[in-house]
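Presented below, as structure tokens, is a lone chain in the form predicted on its own.
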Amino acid sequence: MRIKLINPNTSSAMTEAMARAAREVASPGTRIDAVTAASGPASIEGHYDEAISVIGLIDQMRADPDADAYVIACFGDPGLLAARELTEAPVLGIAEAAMHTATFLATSFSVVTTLDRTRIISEALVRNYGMQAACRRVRATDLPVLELEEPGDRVNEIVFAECLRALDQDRCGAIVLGCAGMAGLVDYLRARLPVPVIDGVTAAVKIAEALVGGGLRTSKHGDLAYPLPKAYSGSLAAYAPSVREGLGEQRPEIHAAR
């Protein structure tokens, strides 16, 4: 099984850290191909960043249409539904994966994330994923994402302190880490906290393995059907879905951007 882990920001250091975390939990026989977006923002810390990052994500999928599953390694889950339209392979967003995993382990969780503006984005995901009853609170540490590239004592202590406040004030049963760059903090936090600490990167990898192993594919009935063939204009002309025949249905050809 081959899982493609896509970092939609352009930080290769962050990609390497996430790849290490993913490979530590991957089953024997699972290959993790971790890649960094070739275009887009250095970090994703707002709606504009997310919107622009989707192009780099799509480029990585179009360049490699044969992966068994894809993981979008950003807690905003940018472009998740668009990515699912492109392929029958399972596509996991790490926020959705982490929140569902938390509900398997506790009746409630709090999210500990980076900047306050990303807290608002995470709250929208909680609503979109129907997690209002389980999510006690989304907490911001005001750490810029790129400070997580090489976490040290200061970063560890800031995140740990916010987790302690979540346990004390929110009375939550689990902690969800609200940034892919926090994958490297999991061992540190699990050793010091009395509750499950869920990293979305590793959660998404294990769920992807389960879906592929169970022979499950992304639905192509309804809104996740392949994109409709049509012309695109201007600088996005190369992204227009083309068509090929396959198994009695018309499907778009996913090819590398020209």
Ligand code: 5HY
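Since the structure is predicted, the reported quantities are computational estimates derived from the model, not experimental observations. Don't overthink the numbering: it's just position in the shown sequence, from 1.
Note that the form predicted in complex with the ligand isn't included here; everything after this is about it.
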- in the predicted bound form, S43 touching the ligand (heavy atom, 4.5 Å): yes
- Message: in the predicted bound form, does T118 come within 4.5 Å of the ligand, counting heavy atoms only?
- Response: yes
- Looking in the predicted bound form, any heavy atom of C179 within 4.5 Å of the ligand? yes
- Query: Counting only non-hydrogen atoms and a 4.5 angstroms cut-off, does V145 reach the ligand in the predicted bound form?
  - Reply: yes
- Query: Among the candidate residues A102, C74, V111, V91, which is the single one with a non-hydrogen atom no more than 4.5 Å from the ligand in the predicted bound form?
  - Reply: C74
- Task: Given that the partner is absent here, state which listed stretch (125 to 133, 83 to 91, 156 to 164, 179 to 187) has heavy atoms within 4.5 Å of the ligand in the predicted bound form.
- Result: 179 to 187
- Item | Stretch 1 to 24: residues contacting the ligand in the predicted bound form, 4.5 Å heavy atom cut-off | N9
